[in-house]
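Presented below, as structure tokens, is a lone chain in the form predicted alone.
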Amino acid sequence: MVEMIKVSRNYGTDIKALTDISLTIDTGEMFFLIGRSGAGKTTLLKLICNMETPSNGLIEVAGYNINNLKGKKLAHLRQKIGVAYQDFKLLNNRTVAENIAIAMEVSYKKPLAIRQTVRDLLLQLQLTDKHNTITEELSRGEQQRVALARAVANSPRLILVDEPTGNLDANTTERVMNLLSRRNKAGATIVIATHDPSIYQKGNHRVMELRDGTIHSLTRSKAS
């Protein structure tokens, strides 16, 4: 699903966010990125979804060189990628339901199907009572769950999640991971950047640690 070959990302001449990253993420895999703040995790996710372009190297997603895609082809690929950003990027003057529905609306899903999907996601994430709440009125933990619901709503083939549990308690973290696990079992490739070891130590997943923009280790977690 994702192929990166000798990818680097520089900001100006002084800041090297990523250096010579070569990585393959298989279709249907749940893959974890770990590392301290500033290690390059968020930058790597932004490169995968074409929010940023590499300074050097090749990135392919679903067989496409994403940096060469333009117009309708790029828009079509982006519809297959769901992203839950660390800073949420919600429409703060819209309701929870409207934020989640957006990804499905631009794909011309039927209104009845959209409403049902929104209800199901709110139920899974314990947000049913927030259906008509304006998102700026939510707590950060609630906003985080809305951002995740929006990312998965359109059943994308690739889901990128940046620190999905940073504002959540243990019970809500479990709900979030159960939702992602169900999407993974349904065939979605999921890439999660996290500081929280509890969410990747419970399964058999590949875990890549970044340090100062380079790959420090690539191991496999083992369920206890």
Partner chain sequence: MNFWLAVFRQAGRNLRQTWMSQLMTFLTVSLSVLIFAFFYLVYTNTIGASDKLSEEIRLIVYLNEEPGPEMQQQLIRKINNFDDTEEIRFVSKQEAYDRFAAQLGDDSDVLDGMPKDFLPASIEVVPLQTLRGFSEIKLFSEYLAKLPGSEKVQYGQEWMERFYYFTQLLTIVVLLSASLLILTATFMVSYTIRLTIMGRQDELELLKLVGATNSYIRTPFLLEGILQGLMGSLIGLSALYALFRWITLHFTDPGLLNMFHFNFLQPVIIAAIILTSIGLCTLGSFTSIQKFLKV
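Everything numeric here is computed off the predicted structure, so don't read it as measured data. Numbering follows the first chain given and starts at 1.
A second form of this protein, the form predicted together with its partner chain, is not displayed here; the remarks below concern that form.
This chain lacks the partner; the member of Ser139, Gln116, Gln79, Thr128 within 4.5 angstroms of its partner chain in the predicted bound form by a non-hydrogen atom is Gln79. Using a 4.5 angstroms heavy atom cutoff to its partner chain in the predicted bound form, all of Met51, Ala75 and Lys110 count as contacting. Residue contact with its partner chain in the predicted bound form: Ile102 places a heavy atom within 4.5 Å of it. In the predicted bound form, Asn93 approaches its partner chain with a heavy atom inside 4.5 Å.
Not displayed here, its partner chain is approached by Val106 to within 4.5 Å at the level of heavy atoms in the predicted bound form. If you take 150-170 and check each residue for a heavy atom within 4.5 Å of its partner chain in the predicted bound form, you get just Arg150.
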